[in-house]
Each structure stands twice: as structure tokens, then as C-alpha cells.
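The data below hold one chain only, encoded as C-alpha cells and taken in the form predicted alone.
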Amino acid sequence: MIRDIVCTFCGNACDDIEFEGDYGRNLCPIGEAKFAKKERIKAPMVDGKEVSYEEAIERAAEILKEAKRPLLFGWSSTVNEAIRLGVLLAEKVGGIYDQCSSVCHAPTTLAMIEEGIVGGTLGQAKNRADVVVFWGCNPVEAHPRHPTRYSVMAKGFLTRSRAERRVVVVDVRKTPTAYLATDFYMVEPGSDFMVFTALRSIVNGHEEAVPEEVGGLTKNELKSLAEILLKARYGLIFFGLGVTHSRGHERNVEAVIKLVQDLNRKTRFILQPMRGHFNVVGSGEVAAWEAGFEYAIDFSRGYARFSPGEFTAVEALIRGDCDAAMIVASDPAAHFPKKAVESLKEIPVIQIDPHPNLTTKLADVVIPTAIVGIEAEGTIYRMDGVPLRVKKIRESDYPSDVEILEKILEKVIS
């Protein structure tokens, strides 16, 4: 029996997984899929032909050294030690470092730069929160163990049961999470900023300034929601892509941050973005240590420059700014817009990943690696910024991301 294993799928990073042989306990369905034995890239490839690791690494280093402005993208599904090497490599080759949050929670980062954030941990959600709000997110499907482990039904020290916890869901449709809610509020798409602003007016005692209807909610519904928030002993708002990707983007996040700041003048409230990949937080935190910024970092002038919309991967590819790309632990060909993928097809692409995917089909160099948290160990960040050590639970002939990147960096600087 191997205990206290960290699941390396979603931002929950559940650390209570147990394995006995091939059987895992405490896994959700998508966690089980992560640990299942899936199709692997069998050997390194260059131009579609199987080669040795040495040849693949040599060719990858050549591509990066010859490129004038390569893109180094991905990083959210690997360990912090590998991300650090990726930032160093981007600096050495004068490239662009970008990571998966540039297409999901980038507005959250921009809002935090402007306003800060009243943050907390999932432990506080479990042990203290008596009012939990899910705004524009659906953890039942995206983070399946979140409701039972950290929020809705979690048994905490101070809030000991579901009966002591009020759960509010705000969304544009009735999601599966809404069926767990004590209160459900359906808002109109793209109205989040207006609803947050109306709630701030009510919380601050200016309800006369609020119209009779805002974003699909009546004034009485807004007053009811504000009253729930104000009566919280310890409240917490989780928000997702429904907030960051609707009209307003980072302004929506700034508005909910300000709402939480206002609530903290009357009670205790914290805010937590629902992050997707298990180490998407690490791909921003480590870059911030090394270069001062979390994503969209350009090193082409010899120093770090930050400019979202200019140095983010999708925009840089669509404009044709990058003449090579290295993709680590990601599959942009499956998720990027068509024009960005077409640009990827026109330039040399290096992919470092355990499993075959759509990006593998267009990559010139493919380097298979060990699976993080199963065949390779390292440090990651949970969605709330808590660092965790992931274990190696089975042996593998594949090298880790860290080993591959160390060798590429060594050849680039030699």
C-alpha cells in the first residue's frame, strides 16, 4: 500500500490517494483516467523517424539555437523544477515564455496585478467557511472531489457538516453544481460586472442606486444574495472561466475582488479562482520568481518584457512572430484557434510529452517523458498556492521532463 499520493490531474491536487498494486482509492473518475495505463509515445522521433534520446535532444537544441524568437509554451502539467529550466531556456535563446493560463485565467492575473487578492487556502474553505459561492464555475464536472473534500459536504473543524454550510451557485445555466446549492441565481451572459457592481452598492448601503433589474436578477434577488454574503461568519467565493471569459474579462475579476474587499469591512471573506491543470499555478509562480512576470514574457531583447496580447502564444503565432516552438506537457494543436495551429505547422516544433496527441502529428521533434506524479517526482502548487511534493509510484524507462530540459539547456549554452 502506497499512501498520501498526490493526484496530478486538476487544481485540487488531492493528496490522499492510496494505491495497492494497480488499484487506487479516493480517485474521482478523471483521476482514475489519469492513473490508467494509456497509450504512450514509444520512442523519440525526428521528422517522423525513431531516433535515440541523444539525437532528439541534439536536434531540439539546434532548432532553439537557430531560431531568432522561439515560443516555449505549456508547463502547467509538469513540476516546478522543469518550469524553472523552461524559463532559463527561454532567456538563453531569446524566446517567448508562455503558459496555459494565457488562454484561461490570464484575466485573473491581470486583475491581481491591479487590485491584489483577498486569498486563502482550501483548508480554510473546508474548516471555516459557512457560506460558499461558486460563480461561473462547475466543480462537480471539472473538479469532481472539490465539493466533498473542500467545500459543499466537507467536514471541517469549525463548519462540521453540510447542514452548517450555505452553498450559493451563480451561473448562466443550471449546472450539475447548481443541484447541490442552497440558493441558485441565474444571470444573463456577460452581465457579471454589472451584478458585482450592484452587489457592492447594496453591501455598502446604497441600494437606492441599484435598478429594479440587473443582469437578469431582480433588485429583491440581489438584496437576498447580498444578505446571504453579509451574514456569513466566514465566506468564500470560488470563480471560474464563466467570469474570466465573459464580457469584461479582467474587469469582472477586479469587480469581484473589490466586492470581497467590501465584504471584509463587515465580515470575513476570501476569494479563490478555480484553476484547471494541477500545476497551472506553478507555471506562473515559478516564472514570476525567475523573470518577474507570470506569462507572456519576451526575452528577445535580452531582458524580460511582459505584454499580454503581444507576447501570449496565440497572438504571437497568429502574427507569425515565432520561428520555432517547444511545447512541454501541453497540446495546443487541440485547443488553439485554427490560425495559430496553422502557424505552428509552418515552423519547427519540439514536443516533450508522455502521450501522443494532435501536436505530436505536426511536431518535428518528439521526446517522450515520464508521467509526473506517477513515474517522476517533483514539486507542484495546488490551486490555492500551497506547495505539494508529488511522488514517484512506479518505475519507468522514460526520463523525466527535468532530465530532458537539463540536457537541452546544457547543449544550448555550450
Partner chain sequence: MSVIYIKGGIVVDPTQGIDGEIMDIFVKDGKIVEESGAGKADTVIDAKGMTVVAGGIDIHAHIAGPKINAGRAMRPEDMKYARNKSGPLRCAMGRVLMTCPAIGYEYARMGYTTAIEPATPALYAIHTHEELDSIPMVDKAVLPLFGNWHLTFKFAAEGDIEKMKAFIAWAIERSKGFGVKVVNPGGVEAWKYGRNVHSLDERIPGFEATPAEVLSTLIKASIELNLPHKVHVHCNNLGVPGSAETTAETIKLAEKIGASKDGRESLHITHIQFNAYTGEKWRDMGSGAEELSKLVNRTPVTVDMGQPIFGHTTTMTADGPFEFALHKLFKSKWINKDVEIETGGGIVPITYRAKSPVNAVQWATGLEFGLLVDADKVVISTDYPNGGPFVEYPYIMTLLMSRKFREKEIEEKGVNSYIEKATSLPSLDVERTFYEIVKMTRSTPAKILGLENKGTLKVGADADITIYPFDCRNVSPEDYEVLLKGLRSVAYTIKDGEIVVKDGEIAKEVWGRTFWVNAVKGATQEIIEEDLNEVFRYYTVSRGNYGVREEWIRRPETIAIEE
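Numbering follows the first chain given and starts at 1. The model shown is predicted, which means the values in this text are computed figures rather than measured ones.
There is another form of the same protein, the form predicted together with its partner chain; it is not shown, and what comes next is about it.
Each of I117, F293 and A304 is positioned with at least one heavy atom within 4.5 Å of its partner chain in the model of the complex. With the partner removed from view, the residue among K223, K231, R166, R84 that has a non-hydrogen atom within 4.5 Å of its partner chain in the model of the complex turns out to be R84. In terms of contact with its partner chain in the model of the complex, the residue from D183, E285, D331, D130 that brings a heavy atom within 4.5 Å is E285.
In the model of the complex, its partner chain lies farther than 4.5 Å from every heavy atom of E410. Of the heavy atoms in V386, some are within 4.5 Å of its partner chain in the model of the complex.
Using a 4.5 angstroms limit between non-hydrogen atoms, R59 is distant from its partner chain in the model of the complex. Mapping the unseen interface onto this chain, F134 falls outside it, with no heavy atom inside 4.5 Å of its partner chain in the model of the complex. Of all the residues from 325-358, none has a non-hydrogen atom no more than 4.5 Å from its partner chain in the model of the complex.
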